[in-house]
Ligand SMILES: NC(=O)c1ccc[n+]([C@@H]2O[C@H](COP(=O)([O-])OP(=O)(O)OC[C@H]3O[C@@H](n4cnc5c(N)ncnc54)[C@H](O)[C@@H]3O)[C@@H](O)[C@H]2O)c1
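One chain comes next, on its own, written as structure tokens: the form predicted alone.
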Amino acid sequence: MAMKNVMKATLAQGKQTDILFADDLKDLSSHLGGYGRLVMWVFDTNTAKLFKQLPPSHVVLESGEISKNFASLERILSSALDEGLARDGRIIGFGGGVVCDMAAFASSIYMRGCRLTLVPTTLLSMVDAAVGGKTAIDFHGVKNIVGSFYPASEVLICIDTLRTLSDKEFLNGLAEVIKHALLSQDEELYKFLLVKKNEILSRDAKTLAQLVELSLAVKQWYIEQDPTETMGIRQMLNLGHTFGHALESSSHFGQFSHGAAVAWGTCRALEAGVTMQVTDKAYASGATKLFKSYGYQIDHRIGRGDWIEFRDHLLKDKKKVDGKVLFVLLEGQGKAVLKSIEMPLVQHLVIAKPLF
């Protein structure tokens, strides 16, 4: 059975990404086997275990955020050079968001750009990191602050790989799906999450394939309107991320996974919208309940003694205009706006008791 071409996204510099779905791991392997030897693979310590024997040219990174740095980037570039990878060669990133980001960043700067295939193996990387062309590493404790735009020529998705994820890692990705549901131009994904909750949490393969397709369609809509994030449209995909990244960074990437932080941050953005009379209270309450129903810790509060560190991380956010941090707020379903929030209100939102 050949891989199914689900969608084609047109991204930065008019580059196209083919998004293909594999029926199973065997189908995926036979597709990847067709590349021959002009390739170099990037795995992490989790995805390397999926192979009985690793391909000859490869790098295995330590799994997790700890590997999103210049040292890992240098390892990939050194290996590519040692293997004699030419500009027409291909780097294949096989793993979660960190592997996809690292392989893509390396690919974007190796010989000023070589070919790139991404095989996202986590829900988070399937619906977020692998599609859209953003690449980045963390630098000096700041998340995703150094990077480039470099879309993969193809993204290969195999739902089978989601079976191996821990519940924590699965929910890490599901938060981005729920975020996409709020940003969607229609309510199809939102309703799907409400109606199919049991099938999603029990990881029914057919349901998950539909979920990933619906989620990717939302992301595709935003990135095709604004491939390099210069028109204020693609930035809306950062809903929950300004609050969330500050929480991740101030907890030193330990206590909160990216998805858990985004779920928490989206609920803070909904509260901010209600307080500032931007967001309808009933809509915000319903969306908050949806996050709660999937088990996210959205009532978490920053300790008063941790506020200064949280605020400092917030002020390093990339979404700044004239020195002011901008937050994505929702007017309603699929209607996002960028607004600055006064610091006393931010402090109140992250320290005080939740609104609902």
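What you see is a predicted model, and the numbers here were worked out from it, not measured in a lab. Numbers for residues come from their place in the sequence shown, where the first is 1.
The form predicted together with the named molecule is left out here; the points below concern that form.
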Based on heavy atom distances of 4.5 Å or less, which listed stretch (321-329, 306-314, 28-36, 42-50) is in contact with the named molecule in the predicted complex? 42-50
Classify residue 271 as contacting or not contacting the named molecule in the predicted complex by the rule of any non-hydrogen atom within 4.5 angstroms, answering yes or no. no
Close approach of residue 55 to the named molecule in the predicted complex, 4.5 Å, heavy atom: no
Would residue 181 count as touching the named molecule in the predicted complex under a 4.5 Å heavy atom rule? no
Can you tell me whether residue 63 touches the named molecule? I mean in the predicted complex, with a 4.5 angstroms heavy atom cut-off. yes
All three of 68, 98 and 169 touching the named molecule in the predicted complex at 4.5 Å, heavy atom to heavy atom? yes
Answer option from 215, 238, 121, 117, heavy atom within 4.5 Å of the named molecule in the predicted complex: 121
Note: exactly one of 242, 279, 161, 72 sits with a heavy atom within 4.5 Å of the named molecule in the predicted complex, namely 161
Are there residues in 115-148 with a heavy atom within 4.5 Å of the named molecule in the predicted complex, and which are they, in order? 121, 122, 124, 125, 128, 129, 134, 143, 144
